[in-house]
Structures are given as structure tokens and as C-alpha cells.
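Have a look below at one chain only, the form predicted on its own, in C-alpha cells format.
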């Protein structure tokens, strides 16, 4: 017993160091969820888009969000008894297709969701964040994501004026670059997943056109007015129109 005690003590110390790194953090998960917003809306007014709306997803049968057209295999998983828990969501977003093949015991199963979140801690955090939205009737932590805009979309678009001074300002370009690499490259540019979205050709676009697309959205591209402020979207425009832009 005495000879084994140093080994036991060492193992306990290792556990003390490792365990905290995998504690779920819903606040951190909210930030990570920005990677998901290109396809999923969340909160009280969430609507189906490229992916299903995710309010209330924890505790919901897989493939059952009303009005969304799922792939057949995720629906089959739901019929088999798959109900989303935090741990199952974390497993699923690591490799959606692999998850379904294992769950259904079917090597031909596929998933419409191709995005994979590789970081284990981020997966746990996102699942924890989704759980806070699941019990919320008002949008929960996401309800105050951006200040409420009182003007109509058309009024906001009409108010935008892009001067050469604004577009060439180094601070605007740099801030826009940070926002671009934080979110936009998930669908556009050299980091894009195959088939997600076309590469941008900024020389073809006028600043107001770029602002309109980012603010209002277009077809499968969601509008980002609920996530970014008008000033932030304007800075994204400045970066896209700059010589430093790297699609």
C-alpha cells in the first residue's frame, strides 16, 4: 500500500489538472456558436435556414424541428429514439455523418450537416449554451446580442454612405479583417467548406452592395444585423473593399 501511494497521488494530481479543462462553459459556448450562425438561427424568433432553428433543441427528438426538410438518416435516428442531450449534441457536432453511421449501425448513412467542430472543449461549451436557450422563452442569453434597430431595413440601407476616407481608414480595415476571419471565412474564401458559398470578387461590388448583402442577407446567406452592429458591418465592407482583402 505504501509503495503504491505515490502513484495514486500522481494520478489524483493529473485528474485535478485535466478535469477543469472539460467543464462546460455556456458563456464561452455562445462565442463559439458564432461559427454555427451561418446555418442556424437561435432564440425566440429563430427561423429555419440552411439548418434548422435551434431553440429548444436539448430534449427534442432528432429530425423533428417543424418546417425543416431533414435528410432521411437523421429522421431515422429520431424514429429509433434519438433525443438530443448535451452530451449527444457534443458527440454529433464532432462528426455528424460518423455519429449517424454509428447510431444507426449503417455504413451508408449520411448527414446534410458537413461542419465538424474539432475542439472537444468547444463542443461541450456549445452544447451547454444550447441548453440555456432550450429553457428560455425569450431567447435567453442570446436575446441581447445586438441593440434593437428601430429603423426599417430599407431605411438603414438608404442611410449608408461610404466615403473614401472611411474605406481607406486603417482602423476600419483592421477591425473589419478581424470580423471577417472570425465568421465570414466559414463560408467564403480559402477557408470555405466545399460548396458552401462562392469566393468573393470585391472589385465587382460597390460598398453599398456589400453592406446590403451582409446586413440583409441573400438566399441561403443569413442577414447579420442581429449579430453585428451597423458600424461593425461597415468595417467588414471596408476590409472587403481594401487592397488587403484576401478571399
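Since the model is a prediction, treat every value here as computed from it, not as a measurement. Think of the rigid core as the biggest set of C-alphas that the two forms share within 1.5 Å after superposition. Residue numbers count along the first chain shown, from 1.
There is also a form predicted in complex with a small molecule; it is not shown, and the following applies to it.
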Is it the case that 56, 152 and 216 all touch the small molecule in the model of the complex, with a non-hydrogen atom of each within 4.5 angstroms? no
In the model of the complex, does residue 188 have a heavy atom within 4.5 Å of the small molecule? yes
How about residue 117 - does it come within 4.5 Å of the small molecule in the model of the complex, if we only consider non-hydrogen atoms? yes
Indicate whether residue 71 is a 4.5 Å heavy atom neighbour of the small molecule in the model of the complex. yes
Might residue 133 be said to contact the small molecule in the model of the complex, defining contact as any heavy atom within 4.5 Å? no
Note: exactly one of 121, 175, 168, 76 sits with a heavy atom within 4.5 Å of the small molecule in the model of the complex, namely 175
Rigid core superposed: residue 39 CA moves 2 Å or more between the shown form and the other one: no
At a 2 Å cut-off on C-alpha positions, does residue 120 qualify as shifted between the shown form and the other one after fitting the rigid core? no
With both forms fitted on the core, check whether the Cα of residue 175 differs by 2 Å or more between the shown form and the other one. yes
Inter-Cα distance between residue 212 and residue 46 in the model of the complex, nearer or further [3 Å or more]: farther
Residue 178 to residue 46, Cα distance in the model of the complex relative to here: closer or farther, by 3 Å or more? closer
